[in-house]
Ligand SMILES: Cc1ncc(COP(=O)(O)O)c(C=O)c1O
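Have a look below at one chain only, the form predicted alone, in structure tokens format.
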Amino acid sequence: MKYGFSHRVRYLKSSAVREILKVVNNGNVISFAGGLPDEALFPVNAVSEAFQKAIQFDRKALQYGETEGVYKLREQLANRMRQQKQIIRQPEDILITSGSQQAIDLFARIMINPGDVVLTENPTYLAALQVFSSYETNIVAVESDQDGMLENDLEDKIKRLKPKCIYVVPTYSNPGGKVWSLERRKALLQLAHKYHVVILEDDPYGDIQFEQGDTPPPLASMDQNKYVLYTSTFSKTVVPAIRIGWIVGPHQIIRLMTQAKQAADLHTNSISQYALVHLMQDFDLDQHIQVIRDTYYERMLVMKGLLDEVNIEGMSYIVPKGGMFMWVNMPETINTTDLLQIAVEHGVAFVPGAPFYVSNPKENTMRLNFTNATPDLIEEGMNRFVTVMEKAKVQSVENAY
């Protein structure tokens, strides 16, 4: 039967990560595939108490709410961003969203026309690519290295393509785990101002910093000309299921995004918002985040140590300064999508790197998550993974002859 779907469904694709998780959740597979925080670190008691307080003391927690979000929560976020990120914005310029994913979607909904150009890194966050593609966007990659976008290529593409926006994850990026240098951040801001281009700064991992004083400030904190929108989430620092994110930026853009959200879901659920108000008042969130940092740093070092022992010529990887992922380059003769099938048979999983690319995907890349497994489980999984990589190495040598 023909249902007459919109032509936009042609641009909808399943997430490679979600499809992999369907497979690895069955059976005895140690997964380094998902971007999952560790459930053992969830502040269960504090979250439970916060929800109880929200229901007991805030009758509006059970009622329809403002589309913009609970004002007290927006006040707390404005104060926290000022203190922690040096981002100076008013509560009126903050929109509470159902995760930062919705923030990206609402931004695209009000800003993007079919065929509009969005510039981004290559590779970049897979779900953002899905969102932009669903709005029939022309996504164009800017040449980048470990310090961020290359200024000359960025300016050339801005001048030639006249992009609607530039989407970046400059701090502990997904999938690469890299951190833009201060110089590249300043260059991006200068070009955005010069050519009047909006920047969407996605920062879900910025709080998961392994070493103090080693990370430049967010773009939004250096933005004097109101070209930057900044979005983040509580999914990595509290619990993912609470589904609370936020976006802050120029008032005109936030106002239109609020209207778009009103048409989409009226408002983000009130109970979670009021619970967060109580959690941020009564719970030491900073200390909790420090525990997360210390734990994930230890696990990253375990994974790094095991990768250090792998003897495969041509293999390299990025040692992250924060976040949740390690990005691995295998020899060019190895296709990691094919390698994944072998890995799952050996009881371990990862995400092939190709889906994260805007164009010219490198089939020999992969992303490993180190946050959702204990050090012992990481060691067992990496031992399995090394066996798989050694087999792939032998096969690639044999194929060469």
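Numbering starts at 1 and runs along the sequence shown. Predicted model, so just to flag it, every value in this text is computed and none were measured.
One more form of this protein exists, namely the form predicted together with the ligand; it is left out here, but the text below deals with it.
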*Report the residue, out of 137, 120, 273, 233, that has at least one non-hydrogen atom within 4.5 angstroms of the ligand in the model of the complex.*
233
*asked:* Can you work out which of 210, 283, 205, 327 has a heavy atom no more than 4.5 Å from the ligand in the model of the complex?
replied: 205
*Given the ligand in the model of the complex, answer whether the residues 104, 169 and 174 all have a heavy atom inside 4.5 Å of it.*
yes
*Does any heavy atom of residue 216 come within 4.5 Å of a heavy atom of the ligand in the model of the complex?*
no
*So in the model of the complex, does residue 297 come within 4.5 Å of the ligand, heavy atom to heavy atom?*
no
_Residue contact check: residue 125 to the ligand in the model of the complex, 4.5 Å heavy atom_ = yes
*Would you please decide whether residue 99 lies within 4.5 angstroms of the ligand in the model of the complex, comparing each non-hydrogen atom pair?*
yes
*Hey, of 154 to 162, 236 to 244, 70 to 78, 178 to 186, which bit sits against the ligand in the model of the complex at 4.5 Å between non-hydrogen atoms?*
236 to 244
